[in-house]
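In the form predicted alone, a lone chain appears below as structure tokens.
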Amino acid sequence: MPCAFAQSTVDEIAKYRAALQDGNPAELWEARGEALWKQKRGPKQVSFEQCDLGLGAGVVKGAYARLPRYFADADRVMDLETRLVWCMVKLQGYSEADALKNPFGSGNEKKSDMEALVAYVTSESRGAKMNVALSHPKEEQMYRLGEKMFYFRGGPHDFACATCHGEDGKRIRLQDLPNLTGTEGAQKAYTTWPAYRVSQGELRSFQWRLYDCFRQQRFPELIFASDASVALTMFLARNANGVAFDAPAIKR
């Protein structure tokens, strides 16, 4: 009887999620992000069309499926948000403080330009297979750091990322917890972010997802666009290699 009840719950959750897919408001963020990408902005009045995400200046098609990656001009491994910040500073002339300001917005008072840009760029990789390389020593180093972070236990609850995402069949309330130690779980989880969160009425980036996980673990605040955030992203993105990217998605 308990098994039948559990299966019924899983089936109902699946129906609820299927119903969400009928019309994704993320399209509004994608459209605003495309406009921001093409708009001349900042002290230098330059658009992002000169920003190289790894496939050449202004090329967004398929770029996200290869991130994070090493960029020689910055001598650093970067994910999408980190690279966008770099382009805002180097190409558009923003100060780093201004480029990093308010990355997740302030609700209806101020929608996040960063999350809109992320929505647009990631949408241009929809259908592209994840192909994150470890060909540069710094990429390998970043991956190993992310792996160590994933299993590191700490904080007042002695949690690690692996506490929630290290086994099959775990769930918090109505939320399945994918096992990110296996390829299938990592692929399913990583390739469906960013996502429009129905419960928040916002488009949320993968950097936000990590930030919120750290909050729930009662860890120190994960600094936006930090090496720590990129390392953890690198670990999960690399583990998702080989499957088609399918975001921005929609979640409860």
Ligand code: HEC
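Don't overthink the numbering: it's just position in the shown sequence, from 1. The structure presented is a predicted model; accordingly, all values stated were derived computationally and were not measured.
Below: the form predicted together with the ligand, not depicted.
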Checklist outcome for this item: With a 4.5 Å heavy atom cut-off to the ligand in the predicted complex, the contacting stretch among 68 to 76, 129 to 137, 158 to 166, 111 to 119 is 158 to 166
Next on the checklist: Can you confirm whether Phe206, Arg209 and Cys213, the three residues that make up this candidate site, all sit within 4.5 Å of the ligand in the predicted complex, judged by heavy atoms?
Outcome noted: yes
Checklist entry - Within 4.5 Å of the ligand in the predicted complex, heavy atoms considered, which of Leu145, Cys87, Leu180, Ala99? => result Leu180
Item to check | in the predicted complex, Leu236 touching the ligand (heavy atom, 4.5 Å) | outcome: yes
Next on the checklist: How about Trp193 - does it come within 4.5 Å of the ligand in the predicted complex, if we only consider non-hydrogen atoms?
Outcome noted: yes
Item to check | Contact test in the predicted complex: Arg197 vs the ligand, heavy atoms, 4.5 Å | outcome: yes
Checklist entry - Is there a heavy atom of Ala189 no more than 4.5 Å from a heavy atom of the ligand in the predicted complex? => result yes
Item to check | in the predicted complex, residues of 217 to 252 near the ligand [heavy atom within 4.5 Å] | outcome: Gln217, Leu232, Leu236, Lys251, Arg252
